[in-house]
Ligand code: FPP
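Below sits a lone chain in structure tokens, taken as the form predicted on its own.
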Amino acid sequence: MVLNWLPQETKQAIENLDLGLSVYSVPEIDILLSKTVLFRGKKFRPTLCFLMSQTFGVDLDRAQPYARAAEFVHAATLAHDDVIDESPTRRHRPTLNALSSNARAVLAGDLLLARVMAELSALGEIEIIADLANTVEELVSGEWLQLEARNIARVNRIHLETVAKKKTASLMSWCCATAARLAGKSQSWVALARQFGESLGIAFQMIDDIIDYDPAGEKPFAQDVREGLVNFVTLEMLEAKPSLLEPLQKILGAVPEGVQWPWQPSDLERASAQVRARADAKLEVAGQILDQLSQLSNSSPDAVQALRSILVYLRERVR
């Protein structure tokens, strides 16, 4: 996703990041994970972990196990989410549950979480481990809240922002806060790093929701509607035109073949622009935090610039 903008040492750290599990008792798990949720991922969260570590002056070798943990937790949530969503594919490739079964996908995700707990416990950073446990709880509660609203057209902005904060932003926040903790920074710096990750993560989700309505995107057009979910763009259309509520409710989660979408192209265009403006506001907050982090005496200018490039990429991201 961002490899062209990274400092050379960060690129090397990502390339060398070992995501193997070596499950000798059940080698099939390792094979299935490497073919699905761990297959050539964008490694955005490890990248964030490495760049924030450099920004706080932390050696990348010390950050490596935490970057690995972030990717494993993310992969575990994907394995579980695909079961919940009954998804046969992810980015045009068969999901873990499609290649094996729902039960095996759940177990593989559980194994990833167990491996994270074992590896991080050996490092003895209790605050970081406790923080990650809270993050996993946030991920679960975010998915739970999203499930409760499935096939319900009448949702509000607070609900969507809460789900985005928990499901998307929480793990990014952990990556950023972990870098500050490894550097031995005060709670105020940890909180600032966490806020950077949260702002970035919510903006990330908003932009993903815009892309959900891109006919040339990786997923089918309006995939969230097909799965029974109202996203940020859909909410903007409903708030601007309440008359869409009833026709949307009729197709939410059960989109007929050759459906005539209830909104007009101009409705969608306007809503997408409004969501992008909201995402830009979140990215502006993240940029202001980077200004503060760049003043740290041992921060890496190259890492800070790479983080700024991520913000620019997200502002300009189309698909």
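Heads up: residue numbers just count along the shown sequence, starting at 1. The structure presented is a predicted model; accordingly, all values stated were derived computationally and were not measured.
Missing here is the form predicted in complex with this ligand; even so, the following discussion is about that form.
- Note on the interface: of 96 to 104, 244 to 252, 71 to 79, 180 to 188, the segment with non-hydrogen atoms within 4.5 angstroms of this ligand in the predicted complex is 71 to 79.
- Mapping the unseen interface onto this chain, I210 falls outside it, with no heavy atom inside 4.5 Å of this ligand in the predicted complex.
- The closest heavy atom approach of R194 to this ligand in the predicted complex falls outside 4.5 Å.
- In the predicted complex, at least one heavy atom of D85 sits within 4.5 Å of this ligand.
- Residue contact with this ligand in the predicted complex: A222 places no heavy atom within 4.5 Å of it.
- Annotated contacts: V233, R276 and R308 are all free of this ligand in the predicted complex [non-hydrogen atom within 4.5 angstroms].
- Interface residue among V140, A240, L123, I152, judged by heavy atoms within 4.5 Å of this ligand in the predicted complex: V140.
- Taking I128, V116, V136, L160 one by one, only a single residue has any non-hydrogen atom within 4.5 Å of this ligand in the predicted complex, and it is V136.
- Residues of 33 to 47 are not found to place any heavy atom within 4.5 Å of this ligand in the predicted complex.
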